Every structure is written in structure tokens, then in C-alpha cells.
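Quick setup: one chain, the form predicted on its own, written in C-alpha cells, and binding and motion questions come after.
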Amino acid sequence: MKFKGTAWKYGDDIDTDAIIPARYLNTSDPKELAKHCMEDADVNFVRKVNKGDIIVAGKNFGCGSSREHAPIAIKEAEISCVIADSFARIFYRNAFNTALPILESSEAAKEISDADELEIDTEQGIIENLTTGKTYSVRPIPKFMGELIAVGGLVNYVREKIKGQKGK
């Protein structure tokens, strides 16, 4: 998968309440969740971002509760990818389960600035900062995780597997 977009930079310990505040969890509608994405970290986030933009953050992105609403809100806000120094363990898994591509890179997370233009190749493990000309090598998204993203997440992946077994 390849992505190109503007970086939106955040610090360490962005928790799931900052990504999608609990006051909006009375719905599971992805479009409604997206309207409030990152609201408690950046009140103007959804008004600023464009389709394909990229969140860049520090350590422990997605810490806090285990809700899947957080990666769903990010994906539905049309963010193409999240790059962070590190992810909270449950957010990491929920991101792939909901088809949100994520990459870990301490160096990229530190050096990329707000509004930098980025180009990402998740299969090759390359983040290119088009603004500065710097390229970062990261661990590519594993093949199985890439398959989850390609079909739209874990639920769709399982549906496809079940369909395939019924046809045998």
C-alpha cells in the first residue's frame, strides 16, 4: 500500500479519549465518530485534514481504553496511516482489525514536522519526507496484517474465509 499526505504531528501518550472522546461513544456509526476524531487533542482536526493525510505521534499512541472506536474514527476521518514512536498494544491490534495502517518509527516520529508532505510504502517499509528529502526505513507491515487491511479488517477477512470454506 502506498500513501501520500500531509503530516499532523502530536506528542506522547495520545490516549483513546483524545482520539475519540467518551462523550461520543453513544454511537458506533463510523461517520459520526469521524466528526469528533482527535477533538480533545486538536479541536480543529477534522476541519483541517484532507483525505489521505497522516497522523505522526510520539510514544504510546492509543493508550487508555481498549475501544475499537479510536482507530475506526481515525480511518473514517480519511487518515491514510498513523506513524508513531510506539503504539499501545491494544490500539496496535485494533488498528489492524479495523484496517487502519500503522507504522512504528522512533526516528520518523521525532524528525517529521507538522505539515510535512509524506509518501509511504507500507509493503517496502519506506517513509519519505518530501518536504525535507529524508527517507526512513521501517519494518514493513507483515503480509497477514496487510491482508487484513486490504479486505477492510478482521470481520471481512473472516467472512471471506468462511465463504471460501463453504465453496469447497
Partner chain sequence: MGMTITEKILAAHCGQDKVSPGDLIMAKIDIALGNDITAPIAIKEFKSIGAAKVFDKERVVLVPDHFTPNKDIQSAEQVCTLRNFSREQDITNYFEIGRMGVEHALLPEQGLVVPGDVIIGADSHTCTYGALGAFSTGVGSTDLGAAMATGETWFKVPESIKFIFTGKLNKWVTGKDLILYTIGKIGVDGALYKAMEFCGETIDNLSIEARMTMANMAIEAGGKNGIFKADDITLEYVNARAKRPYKVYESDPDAHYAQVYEFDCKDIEPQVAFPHLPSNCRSISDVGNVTIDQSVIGSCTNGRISDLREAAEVIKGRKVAKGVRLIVIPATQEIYKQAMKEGLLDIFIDAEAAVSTPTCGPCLGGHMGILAAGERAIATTNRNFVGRMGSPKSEVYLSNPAIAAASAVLGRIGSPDEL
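The shown structure was predicted, so the numbers you read here are calculated from the model rather than taken from an experiment. Residue numbers count along the first chain shown, from 1.
Note that the form predicted in complex with the partner chain isn't included here; everything after this is about it.
The contact residue chosen from K48, R139, K51, K31 relative to the partner chain in the predicted complex is R139, the criterion being a non-hydrogen atom within 4.5 angstroms. Proximity of N60 to the partner chain in the predicted complex falls within the 4.5 Å heavy atom cutoff. Contact between M1 and the partner chain in the predicted complex is not found at the 4.5 Å heavy atom cutoff. Interface residue remark: S80 is not counted as part of the site for the partner chain in the predicted complex, having no heavy atom within 4.5 Å. The partner chain in the predicted complex is approached by L154, whose closest heavy atom lies within 4.5 angstroms of it. The stretch that touches the partner chain in the predicted complex, counting heavy atoms within 4.5 Å, is 95-103, out of 127-135, 95-103, 111-119, 32-40. For the partner-free chain shown, S86, F87, A88, R89, I90, Y92, R93, N94, F96 of 78-96 come within 4.5 angstroms of the partner chain in the predicted complex, judged by any non-hydrogen atom.
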